[in-house]
Structures are given as C-alpha cells and as structure tokens.
Ligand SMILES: Cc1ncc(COP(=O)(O)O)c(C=O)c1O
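Consider the single chain below, provided in structure tokens and representing the form predicted on its own.
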Amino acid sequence: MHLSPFKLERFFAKYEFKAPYLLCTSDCESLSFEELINLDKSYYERIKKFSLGYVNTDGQEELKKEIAGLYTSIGPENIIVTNGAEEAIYLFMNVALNKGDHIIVQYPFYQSLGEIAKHLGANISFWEIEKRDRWELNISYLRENIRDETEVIVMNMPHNPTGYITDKKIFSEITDIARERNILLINDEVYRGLEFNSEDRLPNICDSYDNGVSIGGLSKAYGLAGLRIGWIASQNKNIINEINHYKDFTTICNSGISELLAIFALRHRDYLLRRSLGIINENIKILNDFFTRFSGIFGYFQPKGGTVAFPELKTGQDIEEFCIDLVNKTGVLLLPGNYYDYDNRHFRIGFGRRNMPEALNVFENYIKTII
C-alpha cells in the first residue's frame, strides 16, 4: 500500500513560495542565524571548529541533555533526536503499529498523525473534537471506541488547527483510560509553551504516564523550523530502542550543525518562548477584533494556545474556492479545512508571524469587496 499524497504539504508547495501574504502558517516568526549565535558570542567559535561529519544516530549527548531539561522524569537515554517532528511521528507509528491494530486519533489532525497508521494497515477511529463545545474532546467517545486491539491513542495539544487545549481534569481522565488498558498514548506537543494562559499548560504526557510518548521540536514554538530538529521522549525504553533501530533506515542521523544550533537554542529556550509569545499575544488581539467585526461572515473560537485558529466561513461558499480566489486576487494564503479532511467551510489562519497584521488588513479589504 502506498502512502497517500500529503495534501496539506502539496497545497503549500503550490502557493507557499509565491504568495506574498502567508496568513495560515503554523510556525512562529523565524530567527536569523545571526540572532541565534548573538545570544552568546562564544557560539561562533564553536561553530567554526565544528566537524561536519556524522553524529550519533539518536542525537548528540549534549543536545539530549538539553532536551531532557524540558521534562521531569526523562533522561537523555529516553530521547531520540529526529529530523523534525515529522520524522518522530513516522518512526513512532512504524514501530508501534502493525496491520490490523487499532488507533484512535484526535480529529481533525495533521495528516501524518493518521495517514501513516492507515498505510500500515491499522484501523482508525476519528475522535472528533466537538465544535459546539468550543472544540472539547468527548471522553465517552474514547471509552466506547477502545477495542481489544487498540494499541495507540493520539492527541495533539495545543491543537493544530484549532488551538484547543483540554483542561487538566479531562487530560487526567484520558491518561487513566490509557493506563487501564496499557495503551500507548502519544501527544504531539510542538506548541507547548505557547499557551495564552500558563495555567492551561498541560503536563508532558511522557512525564505523566510510563507509556506516554511526547513529540517535540524547534519548528513551531521556538521559531527555528529550518533547523529540522525534533525529538521523541518516553519512559518506555522498548519504544525508544525500537525507534533508534528504525532510524537507521530513514535519516541515520541528523545534521550535526543543526544539532549544535539546537543546543544553543535550548540554552535560551525561555528567551525564545518569550519572543514567540510576544508576537502571538499582540497578533491574537488583532485577530479577535477582526472576527468580532466580521462575526456575520465567520464563526470563530479564540484558541487557547499555539499559532493557529480554525474559523468557519458562514456564507455557504465552498472554502477551497474561497481560499483560491483570495490568493489569486490578493496574494493572501489561507488553508482550506478540507485539507484536514474536515469539511468545506472551515479554514486555518495563522498568527505567529510578525507580518500578520499587514496580511490581515489585505484580507479585510478583500472581505469588504464581497459583502
């Protein structure tokens, strides 16, 4: 069985480097190389002397120690450094699932969180978040859909594309359900640290449950997508060992220079998160005002974290037609919700870039021409 095309990435490949206003990006404003190494002048000397050879398959020990500092119960030996969070997801699915296994996935989802399982012959249940409940998860659905062959439950919080974060009580219930059946529980946590209210921040799943698997990376919250550094962390040593073996057949190891820059970045993680939060906190005010003023055209729930929201177009127009007309006429790119296999009304809008207000203003002028 062949993997189906990654629809979202194919859509971006068509427009991302042509459209002047990317109003649907899921990452935060990127740092320049100069900005990163200027955080400590000694970094430049290390870069000049760094050998451009192979590095450890599972990641340089120095980097794994920095990543371990993000967790409370995870040591470097329980971490695999990957080529972005995408490779982490791919490796996990391939070692955790076999044909005929069952997986429950929070829906809508970034395609690889479900597509790889489908490719492997697993059966998928779509754990749809409830729009009428401001994107809340239905615990009853989870309990009722677990089977004897259920091997994995997949979450993504803060969520792409809605910005949803469940409360700690529901999160604890989900963990207890997985623990009762000894099911692997994976959470894509790449937006952790970008909660608008720090009290909404959930524990890392790898700290909360011995069969919990946390996916992390520098692309989203840290504004370093070009480094292509992600990781997978778990107390489950068998999963970590199997992933390390499987990685020999994918990228073998990451770019050593990227790992070195990742070490520098994580030593300044508090600064980088404050930088990203500063951008999204300013942008979300502008975005909220926009959707308040155009509430007759759009349905909108303010996200609780991350860099994206998932509004609804209420005019009845097909969302992909709307988005393509918008980008062709104005250069503003939004992501249609059908690229999440969701519906033909919702779209993803991003607010992690500094030029979001400019892009939103162009979008507003377009809206005024059609109402």
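Computed from a prediction, not measured in an experiment: that's the story for all the values here. A residue's number is simply how far along the shown sequence it sits, counting from 1.
Keep in mind that the form predicted together with the named molecule is missing from the display, and what follows is about it.
In short, of 100 to 108, 136 to 144, 240 to 248, 189 to 197 it is 189 to 197 that has heavy atoms within 4.5 Å of the named molecule in the predicted bound form. By the criterion of a heavy atom within 4.5 Å, Q60 is excluded from the residues contacting the named molecule in the predicted bound form.
Interface residue remark: L272 is not counted as part of the site for the named molecule in the predicted bound form, having no heavy atom within 4.5 Å. Residue contact check for G84: one or more of its heavy atoms lie within 4.5 Å of the named molecule in the predicted bound form.
For T330, no non-hydrogen atom is located within 4.5 Å of the named molecule in the predicted bound form, even though that partner is not displayed. Residue-level contacts in the predicted bound form: of N156, T166, S276, S234, one residue has a heavy atom within 4.5 Å of the named molecule, and it is N156. Between the named molecule and the residues A265, L184, I89, I284, the one pair within 4.5 Å by heavy atoms in the predicted bound form involves I89.
Using a 4.5 Å cut-off on any heavy atom, the one residue of 13 to 34 that reaches the named molecule in the predicted bound form is S26.
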